[in-house]
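Shown here is one chain on its own, the form predicted on its own, set out as structure tokens.
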């Protein structure tokens, strides 16, 4: 209706206001709860055009609208606001439209441009953890919402399968993995451990040994023993140590961190890891075979986790492939004068004129950095999908600067599509115990967490009962549906931009702002509908009560919510809408009779409302990657 009013006012702008209207002048907002009306037109923008008071302007517009739109029942002007009330017939017809379509709210399939959404994009040196869960559920849901909004969508990820962090796990496995009785080192087959967890174990092991070597060097430097270290390193350490004098605690901590970083790079272990990276990029057969073997273990582990998460991808990219293209285009950019080379042979771009800084693109030894492969990946994706109109990177907000630099570099290289690249920046997930650190082994493993919430859902559901007649297989499926649904909803209901504290116990509660609360409402409606044997699809126009009207109004927002969630890349908009819808339905359910209602048309109306709420709840939760059970 709002769009119809906009069109009418724009069409009659000259006659009504004496000038043409532009669309953004026409502003709507929800009607205040203490006044009557279904929505409100803000009158203030028209006062200057009509050269009268806000009340007079509102009356003129209201009188015009009610004489041209039969669905408007009445209006009321309060100061600069025109509150518009629609007829019961309008809302009943809207309900019929919603009830007649199983995909109500969804836009025509692939009627909008193609968008690629990147999510997960893990490193092959560790298993997926809690932070990945928010990333993956967010990216998957955004993909599904964009599809519902009419976009063609390609779901993708970039596997970060190369780099110094990968070499750390490889080197640690070679150095510290014990041999069994037949001379084999640890592997998934002889330990029964998932491949990603086994490799992650050695990433942690590397850090333990690195700390020991680093502490040994720091102890020498603290005693001013510098024998055997390069003169430039010694000079820098002495400068930093001198700079600590007279500094406050925070400044001293910053200097100490710099000294520790230099010490880490002076360890034999770090030198070995860097050498392994150089050998890998040179395709050294021994290193390359080890890399393929250990990555293979990780991929098998990842696929098991993705299967449990119930997420999928249309296209995989691998950093080990795309970094080569990145190096090629960086070399070309150097020849074209977009980049420059320092005396040590490293390649950089100067972004200081744009308020950023200088960015390294290739190290002096010719090896690539993260942004090198990101450049190559972006270019390859647009080559693979020429019809691609936009790309969404689902990556934590600690990488905000990285993506500013990436998009700017691509624009400077002449890629116009770079303007349509978007960083879906989301806040980190904290634990009550503090921030997670993969290399220290303090992460919450994704598999373990999913198992935990499913087990909690199992115990909760068994305590409640009501599962008589269900097979063991169906019960197990229900426990998984409730547990994973609670976990996903908990991580998606928060605005992506906000940092959040995760509490798994809260996620599966049946009461409150949770996924199981919505799942239970759906199951209760399905149970209600199963008890009715009548055809409730056809009914005359009964009198519309306030609670019925309110739930219909909320239902009719669904298409708008999908579009808003898509344009904002925010599943939280949809998640919170579904919660409000179910809350509204619970109020409706408790305030009126449904199956026992004597008036046939009223009973059918209420059953239609119930059925439509269940359908929207099911469709909406599906866009969040969540199943809704028929029974709980």
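Positions refer to the first chain, counted from 1. Here the rigid core means the biggest group of C-alpha atoms that line up within 1.5 Å when the two forms are laid on top of each other. This structure is a prediction, so every number in the text was calculated from the model and none was measured.
The protein also exists as the form predicted in complex with the RNA; that form is not presented, and the subsequent description refers to it.
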Quiz item: in the model of the complex, which of the stretches 303-311, 358-366, 99-107, 384-392 has residues with heavy atoms within 4.5 Å of the RNA?
Solution: 358-366
Quiz prompt | Contact test in the model of the complex: residue 500 vs the RNA, heavy atoms, 4.5 Å | solution = yes
Quiz prompt | the RNA contact in the model of the complex: residue 194, any heavy atom under 4.5 Å | solution = no
Quiz prompt | Proximity of residue 260 to the RNA in the model of the complex, heavy atoms at 4.5 Å | solution = no
Practice problem: Please run the contact check for residue 34 against the RNA in the model of the complex: heavy atoms, 4.5 angstroms, yes or no? | Solution: yes
Exercise. Could you check which residue among 214, 554, 152, 461 gets a heavy atom within 4.5 Å of the RNA in the model of the complex?
Key: 461
Quiz item: Which one, 416, 466, 223, 543, lies within 4.5 Å of the RNA in the model of the complex by heavy atoms?
Solution: 466
Exercise. At a 4.5 angstroms cut-off on non-hydrogen atoms, which residues of 530-548 are near the RNA in the model of the complex? List them in order.
Key: 531
Quiz prompt | Core-aligned CA displacement of residue 510 at least 2 Å between the shown form and the other one | solution = yes
Quiz item: Hey, does residue 79 budge by 2 Å or more at the Cα between the shown form and the other one once the core is superposed?
Solution: yes
